[in-house]
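Okay, here we've got a single chain as structure tokens, the form predicted alone, with questions on binding and movement later.
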Amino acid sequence: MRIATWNINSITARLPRLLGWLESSGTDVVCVQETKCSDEQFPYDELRELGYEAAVNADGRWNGVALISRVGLADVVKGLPGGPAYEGVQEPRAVSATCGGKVRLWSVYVPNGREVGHPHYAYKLQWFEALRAAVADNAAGELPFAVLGDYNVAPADEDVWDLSAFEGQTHVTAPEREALAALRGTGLTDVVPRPLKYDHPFTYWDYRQLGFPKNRGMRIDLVYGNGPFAKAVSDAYVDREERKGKGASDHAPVVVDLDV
């Protein structure tokens, strides 16, 4: 089974690229984030023509997540159980399902945090704690299980192109990384992909200041899998080619092959 995670940065704007990539990559399940569309606007019909169905949690604002599968979707859960609200709103940042009867997957879009000390930063840490609690049972289970998505945290210093450029900013702070460590403490492992170019598997490059051509990237799109999931991994890589060209997302897909 080939699965992937991709912050698509608007599924409407990126739909031709998504459809072409699904056909060329042979992906069975893709977890997408930042769909930026309502459920009514989601391209169910176009995906169905390629043999895919979708479980979607979206409200048309700046968030939105989905699981897109050609091997089936069962036991769909929309939202983060016990998750916090921000300014009174339960944002659509999580959706989970069992795919092909063989693996349980979550697609998550962790809050950005905006800046240290901002209410959104506290919300981010609360969201991580709710995620840890929500996945603990699956993480310790025997069914292959993984939480994939845009975590908006670089796990280690080497996961950013220049640590000094992030001094005092979100994505690299100790509390954020401690939240990742707590998530791993449930029994999840960071499935680190291989880069197809350069020496580090960055997954995000800012549109500004020639971030991609200069490889000024970050590894913030992560795959955290439990023991049975990690043992089934035969390959993992960042599909850097999908960050190239006109109309690309600022994130690249992370692809994982499983022997299940």
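For every residue, the number given is its place in the sequence shown, counted from 1. All values derive from a computational prediction rather than experimental measurement.
Not pictured, yet referred to below: the form predicted in complex with the DNA.
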property	result
Contact of residue 9 with the DNA in the model of the complex (heavy atom, 4.5 Å)	yes
Residue 196, heavy atom within 4.5 angstroms of the DNA in the model of the complex	no
In the model of the complex, residue 184 touching the DNA (heavy atom, 4.5 Å)	no
Non-hydrogen atom contact residue 218 with the DNA in the model of the complex at 4.5 angstroms	yes
Answer range among 24 to 32, 50 to 58, 225 to 233, 209 to 217 for contact with the DNA, defined in the model of the complex as heavy atoms within 4.5 Å	209 to 217
Members of 234 to 250 lying within 4.5 angstroms of the DNA, judged by heavy atom, in the model of the complex	240, 244, 245
